[in-house]
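Before any questions on binding or motion, here is one chain by itself as structure tokens, the form predicted on its own.
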């Protein structure tokens, strides 16, 4: 055991002691936020780049439906009328490149429910969606007007009811508590992605470490002082503690940033900043109080101690399960490029687990979600999606027991692969060889 803990300490401090680990651990939350902002930035620059394209809109109905298609960022629409659209190509060629396409609104558009866009290039989804929305709204209004009922459109608008759905749950004592589906969904997806990322990243780190030590022949010296099983478990435990340390630092950073944001948000939305304090103070203060109270109730509706405790358990179980496979397969090869034949099925299992977790967001208590949260190879990821929705106790207990039982079995199997493969050089290992080592 002393040798095992020496290996654990060596693996742990060799990673945690690096400046790169400290820097990346601190910067990672900001990088994740930046990655989340990249799609918005791309969409912004994509919408505001280049010169606006012009499309001629020829309305054969004579009802001025062409004017319903309004200009948007990047597109200008020139409404026309007439019946000279038998040959749209001639009309396009006559424009001499001044337009990008021709939109035809036929006479029987209300009956056929079709319009046509002619252009040399395939139109963008955004352009198609905008034209579709504009024309549908206009033709719907025209259809309503054709019924001849006075103020029918106004009555239909007043008949539309927009209901806001609030979620309230009962605790064990029967008391009512506000809950938030949105908060539960976001939290579940974040924990699911963290589990996937941690297990895959640190499992690959163990495999690369094993291959590196094997290639440099350092392992020959190390196994002369300890058993191969102790060396493998020391690596797995040491790197796993690195992952838990990183997660703990992130939790502290998120709490600190959340507190700082709350203070800044409270100051920036003060009535003294918004306008005349005497005129706005009462209304603004009450609105802010109601909004912040509702937001805080939604955020605090989740039992974070329970969710994070389960997250740690599933991370440990999932990490042991997959890291042992990475360590065992890493010992069976001499180079990282050769490990793909063994690690590809393992990575595919992780990807399947991630897709199953994403699919279960809409129905976290459905049959697929329940089974995938119990099966050991997918439960570390899928159960994270279900945890904020109060999983039944027997399902949680069964899932954890199966996960750790499977992890223990795979650690034993990987140890049998490791003890033989770690000292084997110059020979390509096959699946048949690995099966023979396990036996």
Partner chain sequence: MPFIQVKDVVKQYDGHKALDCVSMDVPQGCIYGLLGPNGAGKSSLIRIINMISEPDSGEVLLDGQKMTTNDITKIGYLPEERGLYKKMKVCEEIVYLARLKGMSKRDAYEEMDKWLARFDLTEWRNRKVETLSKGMQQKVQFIATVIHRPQLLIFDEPFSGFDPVNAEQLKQEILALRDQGATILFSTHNMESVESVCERITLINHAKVVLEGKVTEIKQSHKKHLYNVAVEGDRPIDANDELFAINSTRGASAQIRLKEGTSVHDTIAWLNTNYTLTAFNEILPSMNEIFIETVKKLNA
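Positions refer to the first chain, counted from 1. Take the two forms, find the largest set of C-alpha atoms that superpose within 1.5 Å, and that set is the rigid core. Since this is a predicted model, take the numbers as computed values, not measurements.
Another form exists, predicted in complex with the partner chain; not displayed. Remarks below refer to it.
K.L.:
Among 150-158, 305-313, 222-230, 101-109, which stretch has residues with heavy atoms no more than 4.5 Å from the partner chain in the predicted bound form?
P.N.:
Flagged stretch: 222-230.
K.L.:
Hey, in the predicted bound form, is residue 363 touching the partner chain, heavy atoms inside 4.5 Å?
P.N.:
No.
K.L.:
Find out whether any non-hydrogen atom of residue 251 is located within 4.5 angstroms of the partner chain in the predicted bound form, and reply yes or no.
P.N.:
Residue 251 lies outside the contact set for the partner chain.
K.L.:
Quick check on residue 260: any heavy atom within 4.5 Å of the partner chain in the predicted bound form?
P.N.:
Residue 260: no, not in contact with the partner chain in the predicted bound form.
K.L.:
Quick check on residue 436: any heavy atom within 4.5 Å of the partner chain in the predicted bound form?
P.N.:
Judged by the heavy-atom cut-off of 4.5 Å, residue 436 is in contact with the partner chain in the predicted bound form.
K.L.:
Just one of 201, 255, 368, 218 has a heavy atom within 4.5 angstroms of the partner chain in the predicted bound form, so which one?
P.N.:
For this set of options, the contacting one is 218.
K.L.:
Can you tell me which residues in 386-423 come within 4.5 angstroms of the partner chain in the predicted bound form, by heavy atoms?
P.N.:
The stretch 386-423, when checked against the partner chain in the predicted bound form, contributes only 423 at the 4.5 Å heavy-atom cut-off.
K.L.:
Quick one: once the rigid core is lined up, does residue 420 have its C-alpha move by 2 Å or more between this form and the one not shown?
P.N.:
No: residue 420 shifts by under 2 Å between this form and the one not shown.
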